[in-house]
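Next up: a single chain in structure tokens, the form predicted on its own.
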Amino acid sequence: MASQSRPFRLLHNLNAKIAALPMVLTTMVVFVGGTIWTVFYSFTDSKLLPRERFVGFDQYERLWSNSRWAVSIENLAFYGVMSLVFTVVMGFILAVLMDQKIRYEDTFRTIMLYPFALSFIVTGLVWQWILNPDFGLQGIVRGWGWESFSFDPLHSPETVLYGLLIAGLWQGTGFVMCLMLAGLRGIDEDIWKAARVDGIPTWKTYLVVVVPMMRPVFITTLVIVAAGIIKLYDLVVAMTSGGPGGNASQVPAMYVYDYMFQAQNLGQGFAASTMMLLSVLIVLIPWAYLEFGGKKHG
């Protein structure tokens, strides 16, 4: 009986499966095929054009002995940790405030989400102007009479990452807020009523009850934000071009682009992009296990 029902299950929603077939084939050919192609040629000494002359792990040894790559990894790690923490915390706090059934909620939500609709290039140019010491925030405040006021993070190697972080938080926090707000709206109202009956303070209800119930939302948010951080490129190019001082705000995606299209060293670029792919897998595999493997063994 089960063997007879299996073909019928395969034919279920046949039109939808046929409609999805081009996208599946595109994903297999473009993404999976491109990934395999990139990893394959990362073990060659390809220069201007790909060539199948294998050099083993030489490209990876050159990669990790390159000080520019080491600086880019350090910068990305610092930016990534700070961005993850502040984006999630600020997004959750804003979602909690928005969940209080305030007036004009739709307007505030649209205003907070609007920066996410902009490209990183536009965001970078806007914040490059805001942080400009001559006619940006520093120039405006000094024009009001505070001549000693100084706020110029983009022109100092010690503070440039903080300038990038401000722009990144401005763009991404609204999106995280919407994800968190959707999770909060999914909490059963009876839980809030029971907490009020038991006399549990609101802040403690959020920390002890609500946050654990929103674990899938937090995990998904962390994965989305982390994946965006790993491929960070546009914002850095628009605001600092990797400077000041040469490599103060260098990130791995810039390293890949420069070696593949400017230095004409495809093998080195492929090796760097393969390491970025590995970073994405390090993020995705634990998420997939927590979401699917944990439920299966739960």
Partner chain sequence: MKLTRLTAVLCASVAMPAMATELEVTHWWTSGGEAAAVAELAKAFDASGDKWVDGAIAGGGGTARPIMISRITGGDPMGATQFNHGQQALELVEAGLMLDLTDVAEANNWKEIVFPPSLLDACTVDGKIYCAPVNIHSPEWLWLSNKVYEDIGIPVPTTWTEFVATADQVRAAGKVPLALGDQPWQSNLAFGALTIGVGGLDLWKKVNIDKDMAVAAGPEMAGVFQAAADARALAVGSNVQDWNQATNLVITDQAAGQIMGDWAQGEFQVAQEVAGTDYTCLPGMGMNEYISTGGDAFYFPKNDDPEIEAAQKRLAAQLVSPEVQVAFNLKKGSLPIRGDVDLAAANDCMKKGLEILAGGNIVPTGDILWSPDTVKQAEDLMVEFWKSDMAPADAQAKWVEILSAN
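In this text, all values refer to a predicted model and were calculated from it rather than measured experimentally. Positions refer to the first chain, counted from 1.
Below, we turn to the form predicted together with the partner chain, even though it does not appear here.
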### Query
With the cut-off set at 4.5 Å between non-hydrogen atoms, does Lys47 touch the partner chain in the predicted complex?
yes
### the partner chain contact in the predicted complex: Asp234, any heavy atom under 4.5 Å
no
### the partner chain contact in the predicted complex: Ala263, any heavy atom under 4.5 Å
yes
### Query
Is there a heavy atom of Ser67 no more than 4.5 Å from a heavy atom of the partner chain in the predicted complex?
yes
